[in-house]
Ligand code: ADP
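Next up: a single chain in structure tokens, the form predicted on its own.
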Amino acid sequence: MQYHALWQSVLGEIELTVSHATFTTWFKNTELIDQNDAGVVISVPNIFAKKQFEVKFNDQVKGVLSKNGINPKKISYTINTSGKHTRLNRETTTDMTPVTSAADLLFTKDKTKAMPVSVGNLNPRYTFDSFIVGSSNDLAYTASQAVAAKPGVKYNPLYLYGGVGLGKTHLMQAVGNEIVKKNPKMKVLYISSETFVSEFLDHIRFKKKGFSEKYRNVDVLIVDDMQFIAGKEKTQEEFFHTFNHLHQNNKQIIISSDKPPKSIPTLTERLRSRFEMGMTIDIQMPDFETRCAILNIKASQSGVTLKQDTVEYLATNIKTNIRELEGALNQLLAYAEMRGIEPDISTAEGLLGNIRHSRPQHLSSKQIIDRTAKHFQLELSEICGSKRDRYIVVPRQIAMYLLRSELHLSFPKIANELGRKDHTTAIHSIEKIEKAIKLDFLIREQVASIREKLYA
């Protein structure tokens, strides 16, 4: 499209100055469709967006256009009736272009405008400062910081795994951004495994040159969603050689997946052993306190202070992942802003009430205890009884931990639910599981599996 590059530059600058919620809600699906002596015309998705741009964002758009050498007499906003928009990809490329280091120019200059380009496909918004740490991800966060401080030395490779929307991509790119910030000459490349597969196939089919050099001539290689490489033998072989070359030269490798290496089907044994030779850490679903913190921080970035009951409503009803949580918040803020009302709990209940139809309406103590007992193939009388055999004690402690983390019950109430008289037993059990989750892979897997079944 004729004005694609100019509008891509404008959106790139705006994205760095507004909150993620604001950018996604108002700017993402817009286009510059005309430019002439009379002014410029910008396409927006609906009447609400048109009003927002005319009243709220017009001066900001005009200012960024001016920075890019365009000084329109007038900016007009028109509603896109086709329902189609050009998708602008400013973060990830799939061509065979060379890796960019921070020492390269951050702007491509001509006489009138500057075009921002990504550094190694890294999103500058993904930093350690903007990552919200909780009990579900603090070990991964600490290990990532250690890698950023000493790339190629500490935890190589670093392998993060967990479900969708839990912050793996954010954390990996934060490592890359921190490395580039400290040492601008370091070459960092972030890609998805699908990109690696696609480029490898192009390399084979069309004899494209530069494939091996692109991936082996870096200081830090970050690969997202490694599970997609499973079953592709030739691609796995190529990645195996790439991995070996980088590792032998003390170059940092960071990998993410939805499963631990041993659980990825059709992953070759030699590649699995390479992935497991460094640090393997899972990121779990965020707990209630972390979800509340995420909501408060994201809302404040949009200039909104949510009431505590509204925050708790969202955090209680959305427990699967951060992405879904942010999406619900964005819906609430956009709806409230368009109608000029407060984003309170009644608005949230009316707008997002359908969430409750896909989640347990009232998760109970009995459900948690029953599910835990069933997971460990125990009778309810055993987990709530007096036996202290290890095969019963650990599940009982996990049940206590889940009663605390999911329902926020008091220690006396938790002890009572499991047939214990002394609430100090509950305190000890919960503390023990909290520590075990950070250090014991099996305990982490068991807790995560029970949680998934509770909210399935």
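Quick caveat, the model's predicted, so the values are computed rather than measured. When you see a residue number, it is the position in the sequence shown, counting from 1.
Below, we turn to the form predicted together with this ligand, even though it does not appear here.
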Segment assignment from 267-275, 244-252, 161-169, 309-317: heavy atom within 4.5 Å of this ligand in the predicted bound form: 161-169
Contact between residue 130 and this ligand in the predicted bound form at 4.5 Å, heavy atoms? yes
Looking in the predicted bound form, any heavy atom of residue 298 within 4.5 Å of this ligand? yes
Quick check on residue 323: any heavy atom within 4.5 Å of this ligand in the predicted bound form? yes
Under a 4.5 Å heavy atom criterion, is residue 372 part of the interface with this ligand in the predicted bound form? no
Full three-residue contact with this ligand in the predicted bound form, heavy atom 4.5 Å, for 121, 211 and 220: no
Looking at 239, 215, 126, 200, which is the one with a non-hydrogen atom within 4.5 Å of this ligand in the predicted bound form? 126
Of the residues 294, 333, 348, 368, which one places a heavy atom within 4.5 Å of this ligand in the predicted bound form? 294
Going by this ligand in the predicted bound form, which residues of 239-278 come within 4.5 Å of it through any heavy atom? none
Any idea whether residue 165 and residue 441 get closer or farther by CA distance in the predicted bound form, knowing it moves 3 angstroms or more? closer
So the C-alpha spacing of residue 441 and residue 126 changes by 3 Å or more in the predicted bound form; is that change toward closer or farther than shown? closer
